[in-house]
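Below you'll find only one chain, the form predicted on its own, shown as structure tokens.
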């Protein structure tokens, strides 16, 4: 029966090898520009090899995704790889630029703090009310990220969290470690926690004109940059960062096989959930095909499906459009959907129209990080140092 389900899923969502190759051609051209950055192809092997490997890897993933129809499986491979490479590339670049991962007051005064999309909810309201940018980064960096974020939001909504966020692949990676979940049921009330965190950090940031999430609650300070320990306050902040990272990004995803940081805590995820209303794509359930088996409910990484939402035929506003529910549904009752069209009537078209911009976002975000990480590994092999 399981084999028959896999065959049925392939027939529903996948396509022939020839058609998959043809559909991959536009990605081949676009990713070629992304990987090289529009620059001439380097001649040095240590620079050329990372670009070539990254290019082949990204396009192989896209072909397999289209050919097999396993959207979530192959997205996850690229997404988790991107997150792991982000840590290596970001931290080594940071050490070369500033000398360490430590963030000093001098760095902040000079605007040497890379702008993180996670602070966007904290930046927008204070900027609108007081015309003050509260993040200590360069205006060019802040402006370019905000423009890019706006484009992604209009196109994908919370799809950012499964196709673009360089932190999202971390808890997703840990959620794949265990074969079976130890904790199977999470009370739905916990899914509102991220909205509460969003409200608190927006209000406190506006009141104090400081990025309170970065200062007190960001789990990813544990693996990126962190403030120099100069006081008891910084010690407490550091303990909080490492505790949240360990609990929400590592331990709970292993125990639940879900993205607990993203689905239950992240204020940026909550903010992007609100923007899901702005884009044309959503995930819908064809209630005429659905048998209420609830496999999708059990499998949703960000808790965006429950029995009630399945009965209503649509994912909750927190859906990150990862494609997992589409992949596990044995009846083919779930699909990407273009708002304003009939449910189930344009599944393949809607799927392709969504996958192209979503995958391009992942390729744009991931290509530099993946090639950068490969370059660092080659540098270590050839010179004995991971730094230039």
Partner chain sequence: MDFVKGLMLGLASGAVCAAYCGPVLIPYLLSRGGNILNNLLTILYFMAGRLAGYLLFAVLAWAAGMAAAASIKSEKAVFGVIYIVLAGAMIFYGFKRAGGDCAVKRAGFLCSTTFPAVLGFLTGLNLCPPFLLAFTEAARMGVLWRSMLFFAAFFVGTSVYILPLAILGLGRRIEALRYVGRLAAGVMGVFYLYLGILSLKGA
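Since we're looking at a predicted model, the values are computed, not measured. Positions refer to the first chain, counted from 1.
Same protein, other form: the form predicted in complex with the partner chain, not shown, and the subject of what follows.
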Checklist entry - Is it the case that 199, 207 and 232 all touch the partner chain in the predicted complex, with a non-hydrogen atom of each within 4.5 angstroms? => result yes
Next on the checklist: Which is the contacting stretch out of 282-290, 93-101, 76-84, 185-193, given heavy atoms within 4.5 Å of the partner chain in the predicted complex?
Outcome noted: 185-193
Checklist outcome for this item: The listed residue (133, 240, 223, 254) that reaches within 4.5 Å of the partner chain in the predicted complex by any heavy atom is 240
Checklist outcome for this item: In this chain shown alone, the residue from 273, 212, 89, 309 with a heavy atom within 4.5 Å of the partner chain in the predicted complex is 212
Next on the checklist: Please determine whether residue 203 contacts the partner chain in the predicted complex, using a 4.5 Å cut-off between heavy atoms.
Outcome noted: yes
Checklist entry - Might residue 149 be said to contact the partner chain in the predicted complex, defining contact as any heavy atom within 4.5 Å? => result no
